[in-house]
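Read the single chain below, which is given as C-alpha cells and is the form predicted alone.
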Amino acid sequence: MNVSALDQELFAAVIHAMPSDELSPVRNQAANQFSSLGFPTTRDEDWKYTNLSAAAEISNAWLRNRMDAAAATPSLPPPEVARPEILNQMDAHWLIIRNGSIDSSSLAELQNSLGPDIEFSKLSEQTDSTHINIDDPMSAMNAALLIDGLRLQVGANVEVSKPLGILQIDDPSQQASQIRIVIDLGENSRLQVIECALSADSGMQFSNAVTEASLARAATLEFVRIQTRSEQHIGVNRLIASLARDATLRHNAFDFGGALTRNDISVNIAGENAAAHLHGLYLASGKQHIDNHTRVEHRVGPAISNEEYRGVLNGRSRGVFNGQAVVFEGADGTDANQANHNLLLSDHAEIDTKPELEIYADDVKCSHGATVGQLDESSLFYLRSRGLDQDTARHLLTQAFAAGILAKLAVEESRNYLVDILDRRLSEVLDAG
C-alpha cells in the first residue's frame, strides 16, 4: 500500500474539522486504518490492473478545497438537476443523495409513504455504529470522510409494494463524495432496489460508495445498479452482503459510463439454502476502464451462487473481471457457477478475466469459464444476406449478446429505462470504432 498518495496532514485536518455527531468515533477509527493502508496500488494483486492514482489526486484537491471552504457541508446540485427525467421513467419510491448527502425532502417523502414497518434513519443520528463495515482500504476511506449515510430497516414479513429508487447524483465541482447505505432485512421480508448513479455535469470527479446488506432468514433483496456517469468520472463501489438461511440476493450491475469504474461485491453465505445471483453488463469505448471483482464465500451448505458478467469493449477500452467463489470445509452441497463473456470490437480493446474457484469441501458442484471473441462473421453474413446493412447487423448481434443479462433482470420496473439506455449506449460504442 502507498500511504503517500493522500496528503496525510490535510486528511487528518479535514477529519478533525468534520461535525461532531454519532459518526465521529467511526470516522476516527476508520481514519487511522486508512492512514496505515492508503490507496491500493497496482502492486496489490487485487488492484494490479486498476490504477487509482487519479482518484488520489482528485481527493487531495478536494481536501484542500474542503479546508478552504467556509461551510461545513458540501454544496448540492440545484433541485432541477437533482430531479432529472429519470425519476419519471421508473415507478419507484425515490430517495436522492446529492454529493454524498441525503436529500431531506425526499427522505421525508419516503418516511411518509412507506409506513411504520420500514424505518429510515441517517447514520449521523444512529447511536449504534457497529453496522458500519470496514473491510478494505476504500471502505475505510469512505467511513473516515462520511458526511452522512442512510440506514434502511425492513421489518419481518414485510414486502415493499414497489421498488426503492436511490438516485446518486454528484456535481464535479465538489470533486469527491462518499456514499454509504445500510440495508437490514427482517425475516421473510422482500425489498427491490433500483440504484442510479449519474453526474450533474462533466468534469473530474471521484465517488466512493459502500452498500451493506444484511438478509435475515428467508429474506429477499433484488437490486439493480445502473451507472451512467460522465466520461471523466472515477467511481469505486463496494457491496457487502450477508445471507442467513433461505435468504436470496439477486443483483444486477449495468456500467455504461465513467472514465474508471471499480466494482467490488463481497457475499457471505452464512445460512443453508441461501442463494446469490450476480449478473452484470459493461459497455466501454474510448479509454474507459471497468473492473468487476466479486467474492462469494460459501461457509455452509447446501447453498447456491450464480455469476454471469458480459462485456462489450471498443476503442482502447479495458475490462477486468475477477470472480472468486470460495467453498469452505463443511459447506457440502454447494452449487457455485461463474461465467464471463466478452465481445472485443477493436484490436486495441482489452479484457483481463479470471474466474476462480477455491474448494475445501468434497460434495460440491462448481463450474467456471470465460470467453473472449468478436462478432461472428457467419452471423453477420447471414443478416447482410437478408438485406440489413453492416451497421444494423452489428448492432443487432451486439444487442442480442447484451440481452442475455437483461433476461435475468432482478427488478422489472427498470426494464424500459434500461432497454432505452442500452440501445443508445450500444450505438455509441459501435460508432466509436
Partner chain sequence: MSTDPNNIESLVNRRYAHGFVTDIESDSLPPGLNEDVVRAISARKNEPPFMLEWRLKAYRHWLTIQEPEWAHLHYPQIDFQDISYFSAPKSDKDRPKSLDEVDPKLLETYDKLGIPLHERARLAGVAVDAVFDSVSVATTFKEKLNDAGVIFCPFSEAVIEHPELVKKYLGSVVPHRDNYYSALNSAVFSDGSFVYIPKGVRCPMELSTYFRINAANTGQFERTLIIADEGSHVSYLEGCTAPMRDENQLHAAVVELVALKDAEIKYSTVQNWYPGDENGKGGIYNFVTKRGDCRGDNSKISWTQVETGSAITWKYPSCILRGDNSVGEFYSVAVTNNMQQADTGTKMIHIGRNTSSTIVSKGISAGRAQQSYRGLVRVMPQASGARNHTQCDSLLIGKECGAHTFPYMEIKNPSARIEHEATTSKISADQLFYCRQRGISEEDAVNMIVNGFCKEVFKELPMEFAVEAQALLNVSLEGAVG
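If you're wondering where the values come from, they're calculated on a predicted model, not measured in any experiment. Numbering follows the first chain given and starts at 1.
As for the form predicted together with the partner chain, it is not shown, yet the points below apply to it.
Colleague: Partner absent here, but in the predicted complex, which of 42 to 50, 57 to 65, 385 to 393, 400 to 408 has residues with a heavy atom within 4.5 Å of the partner chain?
Modeller: Checking each option against the 4.5 Å cut-off leaves 42 to 50.
Colleague: Name the residue from E85, D201, E125, D362 that puts a heavy atom within 4.5 Å of the partner chain in the predicted complex.
Modeller: Only one option qualifies, and that one is D362.
Colleague: Please identify the residue among N263, S214, N133, T353 with any heavy atom within 4.5 Å of the partner chain in the predicted complex.
Modeller: Looking at N263, S214, N133, T353 one by one, just T353 meets the 4.5 Å heavy-atom criterion.
Colleague: Is A370 a contact residue for the partner chain in the predicted complex, using a 4.5 Å heavy atom cut-off?
Modeller: Yes, A370 lies within 4.5 Å of the partner chain in the predicted complex.
Colleague: Is D117 close enough to the partner chain in the predicted complex to count, meaning some heavy atom within 4.5 Å?
Modeller: No, D117 stays farther than 4.5 Å from the partner chain in the predicted complex.
Colleague: Residue-level question: is N268 within 4.5 Å of the partner chain in the predicted complex, judged on heavy atoms?
Modeller: Flag for N268 set to no.
Colleague: How about E159 - does it come within 4.5 Å of the partner chain in the predicted complex, if we only consider non-hydrogen atoms?
Modeller: Although the partner chain is absent here, E159 would stay clear of it in the predicted complex, with no heavy atoms inside 4.5 Å.
Colleague: From first to last in sequence, which residues of 331 to 358 have any non-hydrogen atom within 4.5 angstroms of the partner chain in the predicted complex?
Modeller: Stretch hits, in order: D332, L344, L345, S346, D347, A349, E350, I351, D352, T353, K354, P355, E356, L357, E358.
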